[in-house]
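To begin, one chain is listed below as structure tokens, in the form predicted on its own.
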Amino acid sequence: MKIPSFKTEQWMNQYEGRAVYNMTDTCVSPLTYQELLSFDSSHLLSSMKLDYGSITGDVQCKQEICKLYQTGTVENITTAHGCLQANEMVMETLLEPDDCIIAYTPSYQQFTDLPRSIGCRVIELPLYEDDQWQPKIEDLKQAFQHRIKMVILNNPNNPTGTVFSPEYVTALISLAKQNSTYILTDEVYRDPSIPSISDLYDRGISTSSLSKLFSLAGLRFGWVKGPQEVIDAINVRRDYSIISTGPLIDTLSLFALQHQEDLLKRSDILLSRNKEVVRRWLNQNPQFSLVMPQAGTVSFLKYESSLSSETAAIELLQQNGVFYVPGSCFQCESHLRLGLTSAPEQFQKGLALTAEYFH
């Protein structure tokens, strides 16, 4: 099965270790292991047996995950090693060669190239920057003239921060119902105020993890929520690749999920502060523009320069230690992915150095 290099991940693998000011991280300031252990009030870790644990995920963990949604039970959830694997398990379970799927651009490369590696035909619908990075319903209707097996998106979007409008989601669900189409939505940047596709549509499949808003990317704990027949099919297939997430990861994840409100509030405070920093900086530096994201941890910074995004990203890192993922990784030049997750003082300094470079 041939598949191209994952541009964003390869870029981060190659360059992130040199960052002094990481301006592109998608995960809110990570918790330390000691901070996470402070949630272990019942001392569960000390008596935990390091066997395989519950194969499809700890029941208590699943019960806490259910609190992030409006519908469903533990039977509608299975666990994975991060949201990336959760997406992969859904696609590899449901998609077959010659299936036709819809994805969006700019967006996460996994949503287009993994289906292509399976042998699917991929129709890419653009997000329009001049319309707040929203897609157009007309494009969607045109695409549904084909027999669509699955629509794949992330909401909020990476890299733009787009939250798909209620009108668009309603139109998407209507078309999907008429065609028995699955909607797979990577909701790793979603906070509970944004409706989940798995609550809105009976063939909606939501994936997420503790990586972004929960500040625990290192746990590699994710999940799928969807129709029980889909979850059952994934659980049959996952025996060939994952077996279980394991009791250590499940238990540490349980601590976080039991304190989900506190962790989400912590992230919201930091993200709100950095958004205000960006607003002030944009007012002072009109050569940059940004569609401020409604939710999530990422945005897509546009600059006025003839420099390629790759050249700008490399020189910013070499000269100032400022690290970005270039827009070229998302097939969109004159942009840099701007994460909103750094400590505000570091974040402000990184923006100042960015403006100085482009001056």
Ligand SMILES: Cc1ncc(COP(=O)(O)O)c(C=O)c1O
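Everything numeric in this text was worked out from a predicted model, so none of it was measured. In this text, residue numbers run from 1 along the sequence as written.
From this point on, the text means the form predicted together with this ligand, which you will not see here.
When this ligand is considered in the predicted complex, only one residue from N274, N154, S196, T78 comes within 4.5 Å through any heavy atom, namely N154.
Only one of the listed residues (R203, R266, H259, R220) places a non-hydrogen atom within 4.5 angstroms of this ligand in the predicted complex, and that residue is R220.
Using a 4.5 angstroms heavy atom cutoff to this ligand in the predicted complex, all of C83, N158 and S211 count as contacting.
Partner contacts here mean any heavy atom within 4.5 Å of this ligand in the predicted complex, and among 185-193, 96-104, 233-241, 137-145 they occur only in 185-193. Shown alone here, S328 lies farther than 4.5 Å from this ligand in the predicted complex, counting heavy atoms only. At the 4.5 Å threshold, heavy atoms of W133 stay clear of this ligand in the predicted complex, well away from it.
Remark: S215 does not count among the residues lining this ligand in the predicted complex, judged by a heavy atom distance of 4.5 Å or less. In the predicted complex, this ligand lies farther than 4.5 Å from every heavy atom of S54. Contacts between 107-126 and this ligand, taken as any heavy atom within 4.5 Å in the predicted complex, involve Y108, F111.
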